[in-house]
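Only one chain is shown below, in structure tokens, and it's the form predicted on its own.
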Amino acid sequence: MLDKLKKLQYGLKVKWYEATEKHTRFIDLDGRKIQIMEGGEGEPLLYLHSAYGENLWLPFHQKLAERFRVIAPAHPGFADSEGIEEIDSMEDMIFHYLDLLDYLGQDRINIAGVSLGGWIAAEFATRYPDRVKRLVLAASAGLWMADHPMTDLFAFLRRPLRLREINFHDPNSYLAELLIPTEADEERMAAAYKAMAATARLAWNPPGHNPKLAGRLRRIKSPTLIIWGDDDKLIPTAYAEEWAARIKDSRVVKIKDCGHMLMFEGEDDFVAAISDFLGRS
């Protein structure tokens, strides 16, 4: 009964945020419609979402927006953003975000990315280090450790119970059930397949990483925060130290009793770590 109440409360928060303030707008970026959520005041923060597709204004967005001007675009192929047919590689995605930041007039900006979004953020920072003020990589894909292989997310798309086990420290929590329901409706399944199809254009072969990225991370100039759940079963926590070893001026924060979906399961610690890091002079 308590879990049902918590699920209801979380869902009502999301509906309330959408009803009381319209965060979503659309822009025309070189003939492509791009969906962007924005909210809050203060220093701009570009949030790059995971393959899950956090394309509603969620409680963690709202908490970050209490300190920052959060800019959260949907990657091409996610939600209502167009242009995925023009993206065949991570290089194409980086050019997309270069064009987007130019459109938004953001010459140098803080960037935070989770999982797939962290990979995009890291690739962007290696190519355009002077465009990144501070960098946050949370449970990021992009590297490969033979001794700690990532779990193949694509293999479990139709197995929600297994997906919850992979993504959450507590797969039986109300949040795990809310975000990955045992019985998903047709609309949610269609959105999930669309997101996975878009992700596959970047992360199918080789799976979830760029073999050249590790050698390029030395080019990152910005102070970097690496956040990981201490029970990440999708991208093992050992990767946090690997990122830190390859990026100068970086540090690691681990969230206790937290899996891969740390912006949900470790929401308060996730927001606090980012706020503290970006708030430093």
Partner chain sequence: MKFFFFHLMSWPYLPDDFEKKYDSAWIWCPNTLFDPEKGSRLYNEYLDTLVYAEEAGFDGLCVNEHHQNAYGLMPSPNLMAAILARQTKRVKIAVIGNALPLYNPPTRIAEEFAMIDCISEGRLIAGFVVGGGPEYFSYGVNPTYAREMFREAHDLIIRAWTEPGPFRFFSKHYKLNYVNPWPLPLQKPHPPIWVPGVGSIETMEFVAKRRYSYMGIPYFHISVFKRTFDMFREACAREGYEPSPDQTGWAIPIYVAETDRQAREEFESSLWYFAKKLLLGIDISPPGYTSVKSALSIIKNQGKFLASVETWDQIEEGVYAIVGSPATVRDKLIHYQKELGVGNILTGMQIGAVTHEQARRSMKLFAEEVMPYVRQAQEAPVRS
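Just so it is clear, the structure is predicted and the values come from calculations on it, not from any experiment. Positions refer to the first chain, counted from 1.
Omitted from view is the form predicted together with its partner chain, to which the following refers.
- Shown alone here, H169 lies farther than 4.5 Å from its partner chain in the model of the complex, counting heavy atoms only.
- For the chain shown alone, H148 is not a contact residue for its partner chain in the model of the complex, no non-hydrogen atom being within 4.5 angstroms.
- Using a 4.5 Å cutoff between non-hydrogen atoms, L157 counts as a contact of its partner chain in the model of the complex.
- Under a 4.5 angstroms non-hydrogen atom cutoff, its partner chain in the model of the complex lacks R108 among its neighbouring residues.
- Stretch-level contact analysis of 127-135, 112-120, 192-200, 140-148 against its partner chain in the model of the complex, using heavy atoms and a 4.5 Å limit, identifies 192-200.
- Between the options I87, L101, L175, I94, the residue in contact with its partner chain in the model of the complex by a heavy atom within 4.5 angstroms is I87.
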